[in-house]
Structure formats: structure tokens, C-alpha cells
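Take a look at this one chain, the form predicted on its own, written out in C-alpha cells.
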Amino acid sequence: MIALVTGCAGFIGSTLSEKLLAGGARVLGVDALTDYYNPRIKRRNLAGILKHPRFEFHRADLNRMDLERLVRRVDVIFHEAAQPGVRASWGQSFNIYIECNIRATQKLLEAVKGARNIRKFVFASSSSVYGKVDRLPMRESQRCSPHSPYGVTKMASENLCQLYHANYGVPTVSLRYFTVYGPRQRPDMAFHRFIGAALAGKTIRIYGDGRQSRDFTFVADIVAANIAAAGRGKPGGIYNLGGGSRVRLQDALDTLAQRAGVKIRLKRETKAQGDVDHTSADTSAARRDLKFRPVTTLADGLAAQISWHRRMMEEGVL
């Protein structure tokens, strides 16, 4: 496999790139190293693979590079690059989300539409496309009504994937991630913030009463599903990827405290705009087609993330 990984310096993209290289693939990685969060963290994510003989790094903006030339060199595309964050997607910053999420996806699909060498175009979508729902678990067939501008851009990008598949035969597969966590998690994400505060003996701020629940999914399970989608995903398919059990935030924090060996103090704040109360994934389709079986428990996954966080603090990266 010769794979293009966009967003290769990010949380999931760097982990995926490492796994592909370990499996014998050649990887062309693209990342703009934007300052949404400290680029030093992204460079640390890349440190282990930059010197790998089968890894080629391009620091570039997808909207401003010759994608057709790049696409001709690969047979699988993993499109992980995006402007992330539900809470940051309101107001004037929405222009960035349009540019990085919708426009970049459309430009990449345009580059792929006439390329016969592409076996699969795997798109990183999000459970944010669902919004608030009346019934759980969330199923791919149900109506999506995003509850944040970020969710709107992910829904638009999914729709573009479907359009290019229907009209040009681009073999797209969209993966709806449910609350991914683990080593290299972005600084703006919940467990990263919680772990950092807990290890520093600071108060953890949570939005809401702690009874909201999420389908937490460990990053290694997400990466395994991406690689499976490249081989077994149905062109035009959409798949939920969840960790397998819905956990209340308060219970997750109790597990975090136990694994970190610290006592935590909480400060509850008003629920943020765009947040939903509960998420839970029906992963029947992924189990059937991708043989998706998440294997990492929340306790073990948090232990791995806490260990990584401590190492990064010792190195001065965090």
C-alpha cells in the first residue's frame, strides 16, 4: 500500500501513519502545522517517523498545493486533516472551518475523481453530524441534524464524499468517530485537559453536571478501523466507530483519578453551546463490513494516555 495521510502530524493522523509504516506501507504525509494548538506538539508527534525510509513529509496547505500530482503517487487516501473543535467553530472562526474542512475536502475529491489508481478514499467524519437525538444508539441511517458549526462542516464533507462517489465513482468511505482519546490527544480535548489539571493538582472544569455521557473510543481502535476500511469498506459506505459502551463523564473522571493515583477537584460550569448530552454508536455495520472490534477498555486507555502525558511533561513538550 502507498498511502496519503492528510493531517499526518495530528493526534489520529500521526498514530495512523506509524501503524501503516509498521505494516510495511509507504506513507506520504501532508500537514500544514497550523497554530490551532502548539505546533511543537505536532512536531513531537512526527519525531518517530520523519526519518523512516518509507515516510515522505509535505508541510503544505491542502487548498494551496498540487494535489493531482500527489494523488497520482498513491493508491489509498486517509483524509484526517480538518479544523477541529465544536466550541471554537462559532462566529468569525467559522470561515476557517469552511476553508479547512469543506473546501479542502472538495479540492482533494476533485483531484481524485479522475484517478484510476485510487482504491479507497477514507474520510474522517464525526459523531457531531448527528446532533441531538431522541433515541440511542445512533445509527447511520437516521436523520442527521448537527448541533454545531463544526458538525455542519463534517456533514457537508460527508455529503461531498457521497456526491463524488455517486457521480464519479470515487471509492469513498466515511468513518464517524465517537469521542476519540488516547496518547497524543489534542490539548483542547477533554481528557487532555482533565489529565493535565489532575497531574498538576489543579481544579478540573467541566461543562454541565457530569451526567452527560459519551461513547469513548481509544485511538488504536480508530486506527485499526481506518486500515480495515481501506481494504474492506464498501465504496460509498458510512460507518460509526464507537468504543462499545456509553460512560457518564463523572464515572470517566472517577476512572481517571484511580488510574492517575490522584484526587481530583471539580468545578462545574454552564454547558457549552454546541455540546450534546449523550452519544452512543450503533457499530453493527462496522462490525459486519470492517470486522471492527474495539479492544481497549476505558481504564486501560486512560492509563496509556496518562503515561504519555507524564512523558510529555518530563520532556517539556506540555
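A residue's number is simply how far along the shown sequence it sits, counting from 1. Just so we're clear, the structure is a prediction, and the values are computed from it rather than from any experiment.
Another form, the form predicted in complex with a small molecule, is not on view; read the next lines as being about it.
Proximity to the small molecule in the model of the complex, taken as a non-hydrogen atom within 4.5 angstroms, holds for one residue of V173, A225, A82, V71, which is A82. Checked against the small molecule in the model of the complex, the residues D61, D282, D289, E56 give one hit for a heavy atom within 4.5 Å, which is D61. Of the stretches 108-116, 158-166, 230-238, 123-131, only 123-131 has residues with a heavy atom within 4.5 Å of the small molecule in the model of the complex. The closest non-hydrogen atom of I98 lies beyond 4.5 Å of the small molecule in the model of the complex. Contact check for A9: a non-hydrogen atom falls within 4.5 Å of the small molecule in the model of the complex. At the 4.5 Å threshold, heavy atoms of M189 reach the small molecule in the model of the complex. V27 falls outside the set of residues with a heavy atom inside 4.5 Å of the small molecule in the model of the complex. No residue in the set L50, A220 and H309 has a non-hydrogen atom no more than 4.5 Å from the small molecule in the model of the complex.
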